[in-house]
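Only one chain is shown below, in structure tokens, and it's the form predicted alone.
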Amino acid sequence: MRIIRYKKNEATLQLAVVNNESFVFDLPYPDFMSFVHDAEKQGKTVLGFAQEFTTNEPVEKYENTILTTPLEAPEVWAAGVTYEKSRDARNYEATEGKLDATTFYDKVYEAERPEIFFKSTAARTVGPGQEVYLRSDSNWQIPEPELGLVMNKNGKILGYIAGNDMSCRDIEGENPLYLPQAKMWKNSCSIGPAILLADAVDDPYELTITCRILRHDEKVFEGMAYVNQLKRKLDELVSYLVLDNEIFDGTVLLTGTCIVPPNEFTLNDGDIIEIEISEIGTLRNPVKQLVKKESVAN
């Protein structure tokens, strides 16, 4: 059971539930958290409440909708070096290809405390079909396909979502203190296409993540991983995010990537990124190169 938002018309975004047969049923709520709060107020599970609306007449088939972000996530956070593949890629960046070198990325991978960093705000986050941007001062950029956790303000996992943590490998590799610049800029994060309700998932570690990159209608990269390759538990990552920290209803935590294109690969203007997570769907975004602005003297 999934929750989506789609374009009802030019001016209206409609919240809806999608059943297992991919039929769409409109929900009488302005946003995902309003729907969740009403379910809780009535003493119902979110899944059970969603199922009640699937007895109505469906309005559309899922594949015919024009989707947007399923929710306006007030904040998007991300966890790093949570998979062995990610650790190896970060080491390659930091040591200019000397894979036998030990770095602070190894220490993070083995440490009790995970790496958690601020990734995006609602204004910087795009949804299905919208462009993700390439930073103008980087020459080595990749998508990072990740399972995202949709949470309430107490850190309860309400659902799962696909996320793209766009990353500049050259900027992060130059100096770890450049991480915010390597991770956050306009349209550097995408989420979607749907929220898979947590109550509908028996075991999130059995979900699969696939990433495809298309260039001129040809596939130039494809990789697949299982969430069970994650070194840390999902609840563990959440516990560190909320420790002595205030988060907000609808916050998303991206849990790290296990799919990294070859070291010689970088995204180009016009590429298409597809991130597919089983039971959630495919998040598809075109890539646009930002043009470097000339500095303006005061």
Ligand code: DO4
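Numbering starts at 1 and follows the sequence shown. Keep in mind the model is a prediction, meaning the values are calculated, not measured.
There is another form of this protein, the form predicted in complex with this ligand, and it is not shown here; the text below is about that form.
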Quiz item: From the list Tyr105, Trp185, Phe221, Trp77, which entry has a heavy atom within 4.5 Å of this ligand in the predicted complex?
Solution: Tyr105
Quiz prompt | Joint contact, Asp88, Gln141 and Asp170 to this ligand in the predicted complex, by non-hydrogen atom at 4.5 Å | solution = no
Quiz item: So which of 264-272, 42-50, 66-74, 249-257 is the stretch with heavy atoms within 4.5 Å of this ligand in the predicted complex?
Solution: 249-257
Quiz item: in the predicted complex, does Leu147 have a heavy atom within 4.5 Å of this ligand?
Solution: no
Quiz item: Would Tyr226 show up as a contact with this ligand in the predicted complex if we use heavy atoms at 4.5 Å?
Solution: no
Quiz item: Looking at the partner-bound form in the predicted complex, is Val81 within 4.5 Å of this ligand by any heavy atom?
Solution: yes
Quiz item: Are any of the heavy atoms in Phe117 no more than 4.5 Å from a heavy atom of this ligand in the predicted complex?
Solution: yes
Quiz item: Does any residue in 160-180 get within 4.5 Å of this ligand in the predicted complex, counting heavy atoms only, and if so which ones?
Solution: Asp165, Glu172, Leu179
